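Only one chain comes next, encoded as structure tokens, the form predicted on its own.
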């Protein structure tokens, strides 16, 4: 009927999202796996920040943690082994308006995906990268990973791993244009939530290393720190991770650390006697590559054709 508003022209009502709007399929991780807590934290952050599900993307590679997109009711991309970061960067390059969460493991990111890891840090595109570090290849059933401790017996090293492990946080802090590095432990949901929420609010690539338990293959890797809170070092600063005291009061070993101090951040990341958790480093002034790669996103097809014709005309004889 003429003169009446049709459905497509009606004003849409404000939308409020609940946890159910972000909960995808039932997680199939092993009981006791630390991945469950991280998934719950991300879903709560999405709800608390009221992130629009259809403008949120979860990207992963291959591994136990990389099943993450299946359990989020958002857009998702379950990629190839080690390729989560180039996929995420490609999405951000042409859709800078989307919120991107990347789930990757110590094998997925630090082994086959190592080159992509280095360049993604340098690109510093606005996304949250969650490194689930359980010191082992879990999905493929117990092989030595780049972060496996010497002596850990696996299918590839039945007599025990022989090489010293790679330190993902220390390595990331050595990459040009790094802008955000934090650490947390999966058995403290309060700190996981606060860390990932702080990472979400950072403009740039937020690299969060999560010390994560694998109850099947590396159940004792973080057992001492889990049982003895004095082995956890809580990093505190007004610009750092501000976790609810109710969830962190057990940590008496506390250090005031300015996350702008890169040298100190590297020193803390290298500690092996304790697990430092909190914000190691943050520099929001670093350039972000999506500010350059997204130039021309709003160009129409007609304008693209005109530009192409003009470029081709340069070679006319």
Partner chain sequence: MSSGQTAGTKDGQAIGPKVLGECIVEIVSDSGEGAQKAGQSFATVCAKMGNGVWTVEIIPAEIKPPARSRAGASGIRIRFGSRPMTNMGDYADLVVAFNEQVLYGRLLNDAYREGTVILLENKWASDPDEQIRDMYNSAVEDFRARGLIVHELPMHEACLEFVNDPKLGKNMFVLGMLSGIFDRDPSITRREIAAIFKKKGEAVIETNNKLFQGGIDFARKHLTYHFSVPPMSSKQELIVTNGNDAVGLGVMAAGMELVSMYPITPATSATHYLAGVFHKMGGFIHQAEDEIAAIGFAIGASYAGKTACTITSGPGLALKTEFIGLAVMAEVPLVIVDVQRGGPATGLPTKIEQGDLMAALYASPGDSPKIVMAAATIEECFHMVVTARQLAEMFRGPVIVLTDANLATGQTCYPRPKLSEDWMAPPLDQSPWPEGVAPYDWDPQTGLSRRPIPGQRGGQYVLTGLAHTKHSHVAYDPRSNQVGCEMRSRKIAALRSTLKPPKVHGDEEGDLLVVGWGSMLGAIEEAVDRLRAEGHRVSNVHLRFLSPLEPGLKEIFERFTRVMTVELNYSDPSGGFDGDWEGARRSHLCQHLRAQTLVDIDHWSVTPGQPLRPGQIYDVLKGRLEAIRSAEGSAVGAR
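Bear in mind the structure is a predicted one, so any value in this text is a computation, not a measurement. Superpose the two forms; the largest set of C-alphas matching within 1.5 Å is the rigid core. Numbering follows the first chain given and starts at 1.
Another form, the form predicted in complex with its partner chain, is not on view; read the next lines as being about it.
Under a 4.5 angstroms non-hydrogen atom cutoff, its partner chain in the predicted bound form has residue 53 among its neighbouring residues. Within 4.5 Å of some heavy atom of its partner chain in the predicted bound form lies at least one heavy atom of residue 83.
At a distance threshold of 4.5 angstroms between non-hydrogen atoms, residue 197 is out of contact with its partner chain in the predicted bound form.
Although the partner is absent from this view, residue 165 stays clear of its partner chain in the predicted bound form, with no non-hydrogen atom inside 4.5 angstroms. Just one listed stretch, out of 86-94, 207-215, 143-151, 222-230, contacts its partner chain in the predicted bound form at the 4.5 Å heavy atom level, and that stretch is 86-94.
For the residues 46, 38, 57, 265, the 4.5 Å heavy atom test against its partner chain in the predicted bound form is passed only by 57.
Within 4.5 angstroms of its partner chain in the predicted bound form, the stretch 251-285 places no non-hydrogen atom at all. If you fit the rigid core between the shown form and the other one, you'll see the Cα of residue 309 move by 2 angstroms or more.
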